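The data below hold one chain only, encoded as structure tokens and taken in the form predicted alone.
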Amino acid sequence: MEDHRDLNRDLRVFASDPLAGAGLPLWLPDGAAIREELQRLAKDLAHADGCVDVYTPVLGKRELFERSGHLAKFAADMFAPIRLGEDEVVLRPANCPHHALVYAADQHSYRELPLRLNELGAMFRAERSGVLSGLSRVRQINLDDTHVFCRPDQAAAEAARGLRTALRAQQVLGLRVDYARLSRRDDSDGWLGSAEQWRWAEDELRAAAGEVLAEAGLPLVDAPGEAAFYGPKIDLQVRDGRGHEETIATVQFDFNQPERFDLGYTGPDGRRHRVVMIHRGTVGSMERVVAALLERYQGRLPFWLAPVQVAVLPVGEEQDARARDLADRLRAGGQRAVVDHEGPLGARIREARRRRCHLIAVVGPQEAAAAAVQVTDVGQSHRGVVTVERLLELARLAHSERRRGLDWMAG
């Protein structure tokens, strides 16, 4: 099984440059295409769950991260503050403090909760050079991040909702989840919140996970001592072909932010109550997910994700116009197509295979005359002649429905 960094030599998804800096990958056009599809999936799932979009800055005053507790707990993983006039600003290590400020910008009633705030936000970690690795360990993380603000009686349902959506995301991506982990506190010091709060939160998470994981056929592994300092969490764990284990998605309770930012709501009794904050990730970080996908599919991504969905190859100059017209119509339908007419046909086919283009569509004299193409679908071991109109329709459906491949038997 090839590592995503080795696959990248053929695929050209990302690049590194000393002038940009270690751990700060440059997304090349093919990588940008993959990332755009993942971001669209993340938004579709968030909106289907009733999330609303917010945008927040990547910088915050030092005082923001003192208030949130990040400077006290994670200073070694944060970039040094930057002097700006009388203030010091910091590249954020997490998005949650800014989302707490968004919630705090308005007064809230119990009747309007839950409020789910979603952002695909950048955050920064001052990783040591020795641990940086391709896309899987970087210094800027672009995370599909949702924070839910709800009443205590809504917490279990919201946790179950987040977990179910995270599993749905992995199903669409074709990434196998091996198990779920309940990461909770142990008897050591350093945990924020009371023992009673922790027992309640762990019980709520365990109850939320029970039905969802039973539906998915996944075990729940108990992991005392693995919680974040500010609350317990459920992690979805995956193992790659080399046996390495990663957390692909998380649903987490937070006692820290509501207390530190005095986040509350007006209850039916007219009094102010403390809100429950839940962190949830579904698709995950763009960098880690792309690395996992490249390795899972060994570079030959599902049709909807493939950077080049159709490589159109005219046999000779006489077919150039037909090839360009097909590529233009595919692009007009939202698909990604390229035309390659430089060099011998055999060399162009080999290059399309090397780049893991999903479909190779050859236009020769006979195909041009019949308004057809000869299509090779390497992933499905399919080869045959289809009309241009049928190819356009199958490609449109496979893309819009996020299918792994075209349904050649349809119709």
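Residue numbers here begin at 1 and follow the sequence given. No experiment lies behind these values; they were computed from the predicted model shown.
Beyond what is shown, the protein has a form predicted in complex with a further copy of the same chain; the following relates to that form.
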Next item on the list: Check, residue by residue, if 214, 317 and 369 all come within 4.5 Å of a further copy of the same chain in the predicted complex, counting heavy atoms only.
Entry: no
Notebook entry, point to check: 347, 32, 385, 378: which sits within 4.5 Å of a further copy of the same chain in the predicted complex by any heavy atom?
Noted result: 32
Check: Here the chain is shown alone; which of 189, 269, 196, 106 has a heavy atom within 4.5 Å of a further copy of the same chain in the predicted complex?
Finding: 106
Notebook entry, point to check: Does residue 15 make contact with a further copy of the same chain in the predicted complex, using a 4.5 Å heavy atom cut-off?
Noted result: yes
Notebook entry, point to check: So in the predicted complex, does residue 79 come within 4.5 Å of a further copy of the same chain, heavy atom to heavy atom?
Noted result: yes
Notebook entry, point to check: Is residue 61 close enough to a further copy of the same chain in the predicted complex to count, meaning some heavy atom within 4.5 Å?
Noted result: yes
Check: Any chance residue 124 has a heavy atom within 4.5 Å of a further copy of the same chain in the predicted complex?
Finding: yes
Notebook entry, point to check: What stretch, of 80-88, 309-317, 220-228, 144-152, brings heavy atoms to within 4.5 Å of a further copy of the same chain in the predicted complex?
Noted result: 80-88
Check: Mind listing which residues of 29-61 have a heavy atom within 4.5 Å of a further copy of the same chain in the predicted complex?
Finding: 29, 32, 35, 36, 39, 43, 52, 53, 54, 55, 56, 57, 58, 59, 60, 61
